[in-house]
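Next up is one chain by itself, shown in structure tokens, the form predicted alone.
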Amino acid sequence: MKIIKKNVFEGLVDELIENDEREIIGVQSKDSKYVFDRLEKAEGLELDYDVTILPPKKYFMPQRETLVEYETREGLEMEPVNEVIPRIIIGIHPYDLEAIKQMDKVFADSPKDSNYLEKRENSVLIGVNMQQTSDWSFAGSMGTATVDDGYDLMLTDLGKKYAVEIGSSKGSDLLEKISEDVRDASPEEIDKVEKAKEEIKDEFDKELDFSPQKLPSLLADTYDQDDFWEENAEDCYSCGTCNIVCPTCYCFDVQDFSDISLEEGERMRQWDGCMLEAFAEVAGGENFREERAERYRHRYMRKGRYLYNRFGDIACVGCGRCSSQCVPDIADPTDIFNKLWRGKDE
């Protein structure tokens, strides 16, 4: 663990913005909300935020991207496309780092997704331990309020200085730029960091009534409780907002767009969501989840059971974005999971 003064860190960020070829991304405030966006100056960084509107996954899996460009003038010619912008992303909370780790595993699974993986490989992740928690977050219950890996550098605010944990050679190379201004942390400073990590776990207003490791079996046992899913989905708008803001949702739709001449075009993918009515519709008009309650149930099954069965991860990191953005307020995972838990023996 290293120690760096805040003004020195800000100087490093300004130097990177000025001289580094990579795009420098950081958390910034916009209209009382927080977003990941391109930094113009280090003073724009907001590292004591609660939660951003969208997770940083948008830099590895853009909302919309071209996969293939093609021409038909002299027979069909297709060329893969992957716009990779090397980036340094500053201010990622532990739950989002955990979500990125899960996404890495998904996109590295066969068949590998080079569009995601190349963007990920060309990114440096600088995390920050939380000082504030969202009213909707339950990361403490999910074990994602702190992380031990998944970052290149991890910052902890210690007043006028940061404690910095180095997670990779990429992170170490960054600190080399200011090596004369970096020192080893003292035992007392290390204790302060560990204390801060423990204290943040108790700062969440929302929590599960049980261990998240029990979610797969709980959801398996309650899959057929149709009345429960219909009742809780009754006010759902099927807008898909909960999918869009989720850091572990990765579903996408692929479409071809041809030029008016029909001689050239591109194949694009864009974010999609299982809560949208047309998501499970196939050729011929058949829809495998036509009813709203079926889609609502699927979302929770995916988070707590389906992806766990395939990858070993509970695909909910407790960020609370889905809850905070849901207009009818029926997307809170703690509400649904706790209701299922309390009613499992009835």
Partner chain sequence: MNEEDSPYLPESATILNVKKMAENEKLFEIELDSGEALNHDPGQFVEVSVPGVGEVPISISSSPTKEGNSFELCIREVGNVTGVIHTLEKGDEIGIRGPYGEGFPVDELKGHDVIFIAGGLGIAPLRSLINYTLDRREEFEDVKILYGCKKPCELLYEDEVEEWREMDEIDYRETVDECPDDVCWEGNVGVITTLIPGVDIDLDNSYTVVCGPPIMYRFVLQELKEKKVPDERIYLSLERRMKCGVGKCGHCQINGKEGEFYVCQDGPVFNYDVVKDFEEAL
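The structure displayed is predicted, hence computed values, not measured ones. Residue numbers count along the first chain shown, from 1.
Missing here is the form predicted in complex with its partner chain; even so, the following discussion is about that form.
Engineer: When its partner chain is placed as it is in the predicted complex, are 19, 44 and 149 each within 4.5 Å of it, taking any non-hydrogen atom of the residue?
Structural biologist: Per the other structure, none of 19, 44 and 149 touch its partner chain.
Engineer: Taking 4.5 Å between heavy atoms as the contact cutoff, choose which of 85, 178, 158, 78 touches its partner chain in the predicted complex.
Structural biologist: Contact residue from the list: 78.
Engineer: Considering its partner chain in the predicted complex, which of 188, 184, 224, 199 comes within 4.5 Å of it through any heavy atom?
Structural biologist: That would be 224.
Engineer: Name the stretch, out of 167-175, 93-101, 214-222, 125-133, where some heavy atom lies within 4.5 Å of its partner chain in the predicted complex.
Structural biologist: In the other structure, the partner sits against 214-222.
Engineer: Taking 4.5 angstroms as the cut-off for heavy atoms, does residue 141 touch its partner chain in the predicted complex?
Structural biologist: Residue 141 lies outside the contact set for its partner chain.
Engineer: Quick one: is residue 48 in contact with its partner chain in the predicted complex, heavy atoms, 4.5 Å cut-off?
Structural biologist: Result no; residue 48 lies far from its partner chain in the predicted complex.
Engineer: Wondering, does residue 112 line up within 4.5 Å of its partner chain in the predicted complex on heavy atoms?
Structural biologist: Heavy-atom contact with its partner chain at 4.5 Å: present for residue 112.
Engineer: Residue 230 versus its partner chain, in the predicted complex: is there a non-hydrogen atom within 4.5 Å?
Structural biologist: Close contact is absent here: in the predicted complex, residue 230 is far from its partner chain, nothing within 4.5 Å, heavy atoms only.
Engineer: Even though the chain is shown alone, can you say which residues of 31-54 have a heavy atom within 4.5 Å of its partner chain in the predicted complex?
Structural biologist: Read in sequence order, no residue approaches its partner chain (within 4.5 Å, in the predicted complex).
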